[in-house]
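A single chain, nothing else alongside it, follows as structure tokens in the form predicted on its own.
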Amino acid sequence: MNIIEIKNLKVHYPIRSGFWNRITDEVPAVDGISFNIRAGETYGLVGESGSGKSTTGKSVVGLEKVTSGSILYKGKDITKKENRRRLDYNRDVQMIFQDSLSSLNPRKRIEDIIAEPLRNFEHLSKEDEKLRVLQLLDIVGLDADALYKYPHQFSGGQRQRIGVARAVATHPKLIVADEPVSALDLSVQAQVLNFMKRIQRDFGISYLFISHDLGVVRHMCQNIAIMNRGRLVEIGTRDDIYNHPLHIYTKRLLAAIPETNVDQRAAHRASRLAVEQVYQDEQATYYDHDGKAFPLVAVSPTHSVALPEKLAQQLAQAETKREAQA
């Protein structure tokens, strides 16, 4: 069952110029993407900086105005404000922000920061509210004395856990996690990711996990969409994306994953350079004359890739032969 369905979503930013400050052009930050997130799953949205993935996440939460397309929740289009209110959407969909420090009010104590969504949606008594905040702190592994501290008194990993606690306070159905661990060191990354997986297991939460780190996405996500220049270039399961990538941009991202085997360092470097050379030589095949990705074409029941129709048919036939041999 899909908890949310995104259909042909577009977010275009206007460019204004001239004496009258008229709109003369647009920047297509998100340009007609579609995907579904099932209940209880972690869906990965991957791409380089500027690809449009954070804009997509903010559109889902309601922080960005949608130019066109629809975001369906319980069968209703929540780009319309009346549907958001009727479905209590702002309670059911929360967000974990990339920059944990700027997302927490520096003038408020942690008790007030975590209690804010409870005050907005649940209207508990003072005693019940404090008890709920203490329970949330315990879930993310922080002591009770954190209640009376301010955000600047915590490390980056602790602040991100506070952000997680605030996001799960109202028992949401979906959390949009926008680069939740990109600013953290590796050991703290592992702590935060494990907390997120445990909370998902305990509460049945779905995640839209936005990242540029394919290593982290592999650990977290069952289904993955690769985004480039505002469009999706490949969608598939974890196995499809990591073991059978078809789009040249996906192969380039995978080649950039650091390897830990230093004995094969020269071979890995040569492989990355070869992939980059292919990318530079064959870009015109994978993008149209405006530099935009082609529409997605299904090459298997779980795997779609943005390719010209003729090339997609060839790859689909090759994929069918591979599955038959397997």
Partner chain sequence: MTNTSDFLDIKDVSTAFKIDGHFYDAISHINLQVHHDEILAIVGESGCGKSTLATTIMGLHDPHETRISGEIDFEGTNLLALDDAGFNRFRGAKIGMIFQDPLSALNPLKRIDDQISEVLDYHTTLSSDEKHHRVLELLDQVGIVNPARTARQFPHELSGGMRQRVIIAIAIACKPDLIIADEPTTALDVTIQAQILDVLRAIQKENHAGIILITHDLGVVAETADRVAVMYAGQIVEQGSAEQIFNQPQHPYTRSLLRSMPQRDDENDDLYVIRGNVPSLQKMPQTGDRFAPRIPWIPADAHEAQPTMHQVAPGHEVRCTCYQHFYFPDRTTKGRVAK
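Positions refer to the first chain, counted from 1. In this text, all values refer to a predicted model and were calculated from it rather than measured experimentally.
Just so you know, the form predicted in complex with its partner chain exists too; it's not on screen, but the next bit is about it.
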- Message: Heavy atoms within 4.5 Å of its partner chain in the predicted complex: which stretch in 259-267, 64-72, 34-42, 284-292 meets that?
- Response: 259-267
- Query: So in the predicted complex, does any heavy atom of Glu26 sit within 4.5 Å of its partner chain?
  - Reply: no
- Task: Although its partner chain is absent from this view, report whether Asn83 comes within 4.5 Å of it in the predicted complex, heavy atoms only.
- Result: no
- Task: Could you confirm whether Leu273 comes within 4.5 Å of its partner chain in the predicted complex, counting heavy atoms only?
- Result: yes
- Contact label in the predicted complex: His244 to its partner chain, heavy atom within 4.5 Å: no
- Heavy atom distance at most 4.5 Å to its partner chain in the predicted complex, all of Ile224, Asp240 and Ala318: no
- Which one of Gln191, Thr79, Gln200, Thr170 is close to its partner chain in the predicted complex, taking close to mean a heavy atom within 4.5 Å? Gln191
- Query: its partner chain isn't shown here, but in the predicted complex which of Leu137, Leu174, Val216, Ile113 has a heavy atom within 4.5 Å of it?
  - Reply: Val216
- in the predicted complex: members of 42-68 within 4.5 Å of its partner chain, any heavy atom: Glu48, Ser49
